[in-house]
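First, one chain by itself: the form predicted alone, in structure tokens.
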Amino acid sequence: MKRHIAGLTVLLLTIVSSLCLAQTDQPPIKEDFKPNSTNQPGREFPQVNSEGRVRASISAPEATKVQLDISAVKYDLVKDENGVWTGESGPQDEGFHYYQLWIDGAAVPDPGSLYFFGAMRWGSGIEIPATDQDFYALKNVPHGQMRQIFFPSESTNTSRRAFVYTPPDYDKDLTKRYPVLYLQHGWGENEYGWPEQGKTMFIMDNLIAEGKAKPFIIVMTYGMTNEIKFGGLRNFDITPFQTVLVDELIPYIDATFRTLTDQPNRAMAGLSMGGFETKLITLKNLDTFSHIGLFSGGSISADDVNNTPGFKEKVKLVFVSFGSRELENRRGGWGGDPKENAAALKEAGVNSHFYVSPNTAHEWQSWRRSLHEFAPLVFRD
């Protein structure tokens, strides 16, 4: 019996020693943290280092537990003698991420961060500097305008908000008219998504300045006419929003801005749920839209083409994109394999493009890159 106990003790000591060695073998966190671009003015935290780790800090002297919640993982913060809690996340993907703090079981925004609307709430957001962030950087180039408008909606008995991007030269040549892209956000977000998190204006300004995209107007509005709870998207009815978009918003935009009002000069695209909406609406309204963009929002199959009269004659572009991590984790999925669908459309003579954002998942960096790839393809002569 004593031999068994002695042997067990040696085994346990070996395991503990191995764990300790494994922990000490972990490289130290790089201490090159810097305040983030999304911080409230003058706030030192949150910070990001060169590994993409987020360091959060908050004063909560009476709290017993504080955590940083980012990318669906919670990280414990440590309290110092002054009651200030500080801690770091693991490395994050490049680009924008929503996050929040948990204080004694209550989820709260970080007071050091600017607020962004996502996950059905106004909350904290942070930028992990990207290797390709130059394409949405603020540069010394001619800038367009992001205009906030309200348009009447008889079907919902209210005035609804939209943001409208007009290209840099819009107010210079008052005789020129422009194509229009209707660009939709994802579920849990709203019309602020593309102007703020999506960096739409800077992406377009830079593409136009480089001569890579034609100048066009972009319209971004709230894509819901009713609130959907978590898990309830399968019950979403597109008909009310289709009425808002096609019968109310488009006529208002055409009457208010200098647009080209024919079908070849009107496009629709969206991310996630907005891509789902885009597919449903465009396939029912081919006399209205000629260019289609689905960003992490399903795909268009050969069956969709064959079951939609006039598709090949009327549709000038089908663009589908995903983040590479989305495709890696894909388990079947609605609408079939997007890459195979895109190839089948091209084989059938459709102008079909498929794009994969490297090393990103279902997140804004995938969709910023998607818009950057999509914009040069639309409204080509």
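Bear in mind the structure is a predicted one, so any value in this text is a computation, not a measurement. Note that residue numbering follows the sequence shown and begins at 1.
Not pictured, yet referred to below: the form predicted in complex with a further copy of the same chain.
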| property | result |
| --- | --- |
| Triplet A106, L138 and S159 all within 4.5 Å of a further copy of the same chain in the model of the complex via a heavy atom | yes |
| Partner-facing stretch of 213-221, 290-298, 114-122, 270-278, counted where any non-hydrogen atom is within 4.5 angstroms of a further copy of the same chain in the model of the complex | 114-122 |
| K172: touches a further copy of the same chain in the model of the complex, heavy atom cutoff 4.5 angstroms | yes |
| I58 within 4.5 Å of a further copy of the same chain in the model of the complex, heavy atoms | yes |
| Distance check, Q40 to a further copy of the same chain in the model of the complex, heavy atom within 4.5 Å | yes |
| E31: touches a further copy of the same chain in the model of the complex, heavy atom cutoff 4.5 angstroms | no |
| In the model of the complex, the one of Q145, S71, N306, T239 near a further copy of the same chain [non-hydrogen atom within 4.5 angstroms] | Q145 |
| Selected contact from A63, A344, V356, L317, since only one has a non-hydrogen atom within 4.5 angstroms of a further copy of the same chain in the model of the complex | A63 |
